[in-house]
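Shown next as structure tokens: one chain only, the form predicted alone.
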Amino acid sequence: MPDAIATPGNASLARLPKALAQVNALVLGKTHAVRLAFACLLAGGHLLLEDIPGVGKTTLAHALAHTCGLAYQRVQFTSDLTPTDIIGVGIYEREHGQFRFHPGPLFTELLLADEINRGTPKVQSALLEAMAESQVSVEGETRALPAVFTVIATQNPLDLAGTHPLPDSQLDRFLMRLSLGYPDAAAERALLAGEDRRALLRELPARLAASDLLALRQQARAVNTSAAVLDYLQALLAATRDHAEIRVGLSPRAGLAVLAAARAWALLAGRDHVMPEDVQAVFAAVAAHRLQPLRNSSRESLAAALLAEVSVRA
């Protein structure tokens, strides 16, 4: 798929190819996953990276933060983490004779929630309002989060000891769930022979700014969607609700999530309209973690089967 097309006067869009290239130069051999991660950011969604340790989940999150010029905080989720540890707390200041709110790491532009499934359900639920509304209620007062507030969470699906699996309501707050997987031989060789990724991260320049991200999100929302593409998306949604292997089909909110991601994918390709191929490119990342298999079927395999079964009508 071609890089984003720079149009006259569109500086934010013109900078996107360099931003993509910079992250791909750090997270080697994962161009599709990196592009999906950018689509997630442009769609204004949150991202869940689910994979084994050591394949680059945290590196990808840090690379996105540095490249997009976002202020970020990292929180290591553990069993003893409390909601106030991430939201903040009011502390009484004797010299002023009143309580003053001290914001926690949640008040940032990009929050890396590392090993989120090691946090207790109480801590996980503390993120719900923030992820859904970009605000939190603390001590009876509603406090707004930054305009580009984004959560990138990681978890290891194999190490289940001492973990609290995310409930469906929390999973639904993530626009996408991605797995990076092992690098191919060429990418792994480049990693082994190259510089340490942490050292390279410190040298990354910002290719975008928070203002660029806001402008790009506005452009993504304006990408045109034809009736034919909406028909195709509705057919996919309907197929999930009438599938023998799926307990509960995709909700209308899930359909809106697929549409937002497809618009962002089209913008990354430099188009002002969505094509069926855009829906197909993002469907598994957006829909798989929202599907509830009846048996032991893989959610990803169900998403792939749906794409194969539902045809695109002219």
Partner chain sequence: MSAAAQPRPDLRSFTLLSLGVAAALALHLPHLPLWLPPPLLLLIAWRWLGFSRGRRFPALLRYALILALPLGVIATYGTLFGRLPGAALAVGLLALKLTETETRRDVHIGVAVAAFTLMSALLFGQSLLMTLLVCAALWPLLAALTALQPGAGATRMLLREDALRLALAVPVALLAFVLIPRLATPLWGAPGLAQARTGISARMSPGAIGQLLIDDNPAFRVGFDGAIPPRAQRYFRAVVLWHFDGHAWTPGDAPLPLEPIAAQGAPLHYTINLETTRQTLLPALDMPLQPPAGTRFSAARTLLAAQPVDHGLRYSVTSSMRYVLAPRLDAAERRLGLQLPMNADPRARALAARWRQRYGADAAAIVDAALRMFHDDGFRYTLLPPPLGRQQVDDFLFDTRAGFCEHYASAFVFLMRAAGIPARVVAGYQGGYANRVAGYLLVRQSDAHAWAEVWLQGHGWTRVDPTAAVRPDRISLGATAAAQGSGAPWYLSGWWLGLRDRIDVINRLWDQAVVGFNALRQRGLLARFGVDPERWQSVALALGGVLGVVMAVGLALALREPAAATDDVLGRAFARLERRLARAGHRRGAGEAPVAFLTRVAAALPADGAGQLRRLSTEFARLRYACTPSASALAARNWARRAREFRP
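Numbering follows the first chain given and starts at 1. On a predicted model such as this, the values are computed, not experimentally measured, just so you know.
What comes next is about the form predicted together with its partner chain, which is not displayed.
**Q** Taking its partner chain as it sits in the model of the complex, is Val274 in contact with it (heavy atom to heavy atom, 4.5 Å or less)?
**A** Because a heavy atom of Val274 falls inside 4.5 Å of its partner chain in the model of the complex, the answer is yes.
**Q** Does its partner chain get within 4.5 angstroms of any non-hydrogen atom of Val229 in the model of the complex?
**A** Contact check for Val229: yes, within 4.5 Å of its partner chain in the model of the complex.
**Q** Should Ser251 be counted as a contact of its partner chain in the model of the complex, where contact means heavy atoms within 4.5 Å?
**A** No, Ser251 sits far enough from its partner chain in the model of the complex that none of its heavy atoms falls within 4.5 Å.
**Q** Even though its partner chain is not shown here, does Asn224 get within 4.5 Å of it in the model of the complex, heavy atoms only?
**A** Contact check for Asn224: yes, within 4.5 Å of its partner chain in the model of the complex.
**Q** Looking at 22 to 30, 260 to 268, 274 to 282, 66 to 74, which lies within 4.5 angstroms of its partner chain in the model of the complex, counting heavy atoms?
**A** Careful reading of the contacts points to 274 to 282.
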